[in-house]
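Let us start with two forms of the same protein chain, each given on its own as structure tokens and named structure 1 and structure 2.
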Structure 1
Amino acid sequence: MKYIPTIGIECHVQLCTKTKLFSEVDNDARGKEPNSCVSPVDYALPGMLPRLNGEAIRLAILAGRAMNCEINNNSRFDRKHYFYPDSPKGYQITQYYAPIIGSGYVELPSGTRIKIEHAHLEGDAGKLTHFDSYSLVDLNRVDTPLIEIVSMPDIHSAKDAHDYCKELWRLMRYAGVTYGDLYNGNMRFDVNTSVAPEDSKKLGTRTEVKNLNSFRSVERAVEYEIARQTKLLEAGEKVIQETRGWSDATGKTTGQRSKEEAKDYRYMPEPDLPPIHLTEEFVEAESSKLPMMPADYRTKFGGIIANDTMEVLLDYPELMFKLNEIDEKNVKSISNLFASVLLAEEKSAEYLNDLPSAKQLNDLAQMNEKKELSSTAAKEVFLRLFDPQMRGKDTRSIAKELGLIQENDLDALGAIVDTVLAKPETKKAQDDFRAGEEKVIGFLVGQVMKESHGKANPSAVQEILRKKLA
């Protein structure tokens, strides 16, 4: 019997606001001391009330629109209760009954659409570090704004699960709502997987693998779960509904001790925050700030950039935004430089933060196009554009400084060719060429290049030589 897997994914995205969701302290705790980005609200002193960050509302609108979602005109916050030291208030402020983002879809590079059930705003939890006889609590991450994106159980392969997560990561970064640093947990995935016989109308029993933070582990965990569950069913056994942990090292999921009964979070409308009512005008005004999305670039540059290159470049919104700024005729050559030169560089991550100007890149492409720069020289100049000392400098003057501009002036080249042809050591080659020995043209071109100190455009030289030797 054939078994069909069904996968639904919940994704937590940390928003890149300056301050936390409910108080005015620094939201960026990277590299800071534990408990150094904590307000009295985060610490949940008695009598503290949440102070909603309006930027989170705006970013939620952008995130929603990036996923082709409805933005709900009416939304509000709710409390989700559980006791654990990572939740100082004893509840998480989330949106359970009326989330801000409604249904929509994400289109994968393959064209498959994955439906979004809804997405909502909520505060993140703190962190515990466990030791043998005690645990330590760091509240820096408490109430970092999150958007939780809930997909429909609409995914049917590990590959699509991978692609969905990756596309979400791209969308959120294009929309500018997150730093998207997976290593630091800016995006985390909870994956629900079940399998059912092909002809079954009902979904199978699902398991949940929580807190995956790479696309590869999502893919591997799903592959593993599909295989494990299929094997169980084939053997006539049952899948237990449970949360399972994933280990990158072993490549396996393992059952975590499940509580007897499902947790009862006792959701309750948050009485400390007034409801959100977004007018169509407000939503439209904010949505208009959404830049072009990956799908838009695929359409716009589909005929110019090869598919493989496109999918590589799409991981870097900064590069696509830049390609969109330069003249369309230069997109092909610059996109190739981005893909083959920039991304191969060790410092490429650093470079991405500070790309050359559109004018610098346009000039570079044109100089290459007009053969003023050889393709080797163009690559060299291209890399020099990232040198902080070259900021603001003209591409041409950089190329000149490096002595990389090719001689294209036909008269000047003609003079050099004449000098070379007058040299006795080229006499034999000239004769041989006239006698029909095609190969020796290379030798002659080489001599001219040498005479020009490498600045001559070799194809122009060849053309002149052919004329003169005809």
Structure 2
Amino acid sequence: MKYIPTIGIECHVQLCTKTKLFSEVDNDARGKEPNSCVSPVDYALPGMLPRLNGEAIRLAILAGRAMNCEINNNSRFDRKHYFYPDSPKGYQITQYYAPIIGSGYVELPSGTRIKIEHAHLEGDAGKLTHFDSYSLVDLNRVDTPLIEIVSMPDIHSAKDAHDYCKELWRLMRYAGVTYGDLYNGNMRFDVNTSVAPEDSKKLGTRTEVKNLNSFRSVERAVEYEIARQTKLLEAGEKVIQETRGWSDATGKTTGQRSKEEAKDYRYMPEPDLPPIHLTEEFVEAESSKLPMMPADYRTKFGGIIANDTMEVLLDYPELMFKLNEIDEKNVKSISNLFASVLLAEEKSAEYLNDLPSAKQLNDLAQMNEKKELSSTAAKEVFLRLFDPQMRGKDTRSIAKELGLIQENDLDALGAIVDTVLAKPETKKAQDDFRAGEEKVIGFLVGQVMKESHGKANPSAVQEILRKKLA
């Protein structure tokens, strides 16, 4: 019997606000000591009341628009009751009955659309670090503002699950709503997987693999769950609805606890926060601040940048924003330098924070087009544009300082060629070329390059040599 997998994904996106969702505490705990970014509100001390961070509302609007979602003018917060050791309140402030972000969709590079059911705002829990005989609690992450994005069960392969998570990561970073640092948990994926017979009208029993933080882990976990559940069903056994953990080391999921339903959380309206009312004018004003999205760049540069190169560069919003600033005729050559030279550099992550100006890049592309720079020289000048000592200098001045500008004056090149042809050591090569041995032209070009100290344009040199040896 053939089994069809169905996958739905919940993605938690940490918003990059300066302060937390319900208190005026530093929201960026990266590199900070445990329990150093906390307040009485985060500790849930008696009498401490939450105060809503308005910036989180603005970022939620941008996130929703990035996913082609409706923004609900009226939303509210609710309490989701459960006890976690890293959640002092004993409940989570979230949105259940009236979330801020409504339905929409994410379009994958393949053209497949994955529908978004909704996305809601909520405060994160803390973090537990487990040791052999004890665990430690870090509350720095408590009430970090999150949007939880809930997809419809529209995904039917591990590959599409991977691509959906990656495209979602891109959308959130382009929209500027998150740092997008997967290693530090800025985005985490909970993956619900079920399998059912091909002719079944009902979905199978699902399992949820929690807190995945890489696209590859999402793909591997889905592959494993599809295989595991299919094997159970083929053996006549039942799949248990449960939460499971994933191990990159073993490549397996393991059961953790039974999976709760919504009724188990005893949702109730949050009494300490008023409802959110957004005017249509405010929503539209914030929505207009959304920059170009990956799909927009695919459309704009689709006939200019090769698909493979495009999908590499789309992982770096800074590079796409810069390509959008330069002249369209130069996009192809500069995009190739970004992909093949910049991203191969050990310091590429640092370089992304301070890219060359559009004028410097346009000038470099034009010098390359006019063959004033060899391909090797163009790469060298390109990398020097990132040198702090070269800040403020124009591209041509940098190329001159490095002695990399090619000689294109045909009269001057002709004189250098004559000098080389007059040398006794090139006579045999000249005779061999006239006798039909094409490969010796490379030797003669090399001699001219040597005579010109590497400044001659090789293409022009070869053309002159062929005419003089005809």
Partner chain sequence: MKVDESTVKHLADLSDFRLNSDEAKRLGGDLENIIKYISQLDELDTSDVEPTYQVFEMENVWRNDEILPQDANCEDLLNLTVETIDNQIKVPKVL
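By convention here, residues take numbers in order along the sequence of structure 1, the first being 1. Because the structure is a prediction, the values reported are computed rather than measured. For the two forms, the rigid core is made up of the largest set of C-alpha atoms that agree within 1.5 Å on superposition.
Of the two forms shown, the one predicted on its own is structure 2, not structure 1. The hinge separating the two rigid parts that rotate between structure 1 and structure 2 falls at A377, chosen from R216, A377, A44, Q92. When the larger rigid part is held fixed by C-alpha fitting, the smaller one turns through 11 degrees between structure 1 and structure 2. In the core-aligned comparison between structure 1 and structure 2, the Cα atom of F433 sits 5.7 Å away from its counterpart. Its Cα shifted by 3.2 Å between structure 1 and structure 2, V461 is reported here after superposition on the rigid core.
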